[in-house]
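Below, in C-alpha cells: the form predicted on its own, a single chain.
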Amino acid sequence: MDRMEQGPLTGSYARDVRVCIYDGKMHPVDSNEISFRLAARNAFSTAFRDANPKVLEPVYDVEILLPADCMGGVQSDLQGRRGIMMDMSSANGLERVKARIPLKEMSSYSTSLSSISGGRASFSMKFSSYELVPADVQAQLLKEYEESKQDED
C-alpha cells in the first residue's frame, strides 16, 4: 500500500491494483517488519512495471461562449491543447463550443482565451472522466520521473 501511494511508474498513486501473494518464509534471525516491507515494496515496483501499466489523466467537459469572430482562434487553441470538439451552436448572438480537454492542458486557458477574444469570451468546466494519456505523453512522463529520481540520488 505504501508503494501504491507513491506509484513506481511516475510517482503518482496507483489505483485498481490487485495483488496476490502466493508464498513467503520467515526466519527468526533475519526476518523483521522492515525487511518484509522493503521486500514487498521492491516486488510491487518490479511487478507493476512489468505489467505494462497505463497512465490516466482527468478529462473535463468545457463549454465556451464567444463571439463568432473569435471562433477560428479558439478552435486552433483547443487543438493545440489536445482538445476534442464535441458540439457547436449559436445562442443569443454568441457561439457555444463544447469540448473535452485534459486538465493538464487547462492550466493557462483563461489567459489564452482572454487574449484570443479580447476578453469577450468565457468558459466553464466540469469533470468528465479519466482517460489514457497518449503514448508519447506517457513516455515523456516516465522519462521525467526517471530523471528526477536520478537527481535525488
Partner chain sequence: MKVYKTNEIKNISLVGGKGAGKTTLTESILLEGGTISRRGTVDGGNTVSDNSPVEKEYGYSVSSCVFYAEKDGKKLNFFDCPGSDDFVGNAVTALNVTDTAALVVDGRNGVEVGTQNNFRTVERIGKPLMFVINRLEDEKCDFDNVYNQLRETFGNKVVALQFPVNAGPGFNSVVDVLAMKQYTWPKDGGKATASDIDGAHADKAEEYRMALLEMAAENDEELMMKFLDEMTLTDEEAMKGIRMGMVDRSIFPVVLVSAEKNIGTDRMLEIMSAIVPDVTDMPAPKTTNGDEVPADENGPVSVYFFKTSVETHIGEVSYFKVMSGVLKAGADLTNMNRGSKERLAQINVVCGQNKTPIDEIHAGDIGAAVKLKDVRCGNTLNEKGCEYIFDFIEYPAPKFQRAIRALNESETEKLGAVLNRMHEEDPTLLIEQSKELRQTIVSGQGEFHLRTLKWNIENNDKIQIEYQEPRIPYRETITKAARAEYRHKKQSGGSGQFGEVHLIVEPYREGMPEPDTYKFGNQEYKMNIKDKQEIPMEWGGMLVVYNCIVLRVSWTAWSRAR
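Positions refer to the first chain, counted from 1. No experiment lies behind these values; they were computed from the predicted model shown.
Heads up, the form predicted in complex with the partner chain isn't pictured, but that's what we're talking about next.
Legend entry - 4.5 Å heavy atom contact, Leu56 to the partner chain in the predicted bound form: Looking in the predicted bound form, residue contacts with the partner chain include Leu56, since a heavy atom lies within 4.5 Å.
Legend entry - Partner proximity in the predicted bound form: Asp16 to the partner chain, non-hydrogen atom cutoff 4.5 Å: Yes, Asp16 sits close enough to the partner chain in the predicted bound form that at least one of its heavy atoms falls within 4.5 Å.
Legend entry - Interface membership of Ala68, the partner chain in the predicted bound form, 4.5 Å heavy atom rule: No, Ala68 sits far enough from the partner chain in the predicted bound form that none of its heavy atoms falls within 4.5 Å.
Inset, instruction - Using a 4.5 Å heavy atom cut-off, state whether Ile116 contacts the partner chain in the predicted bound form. - result: No, no contact at 4.5 Å.
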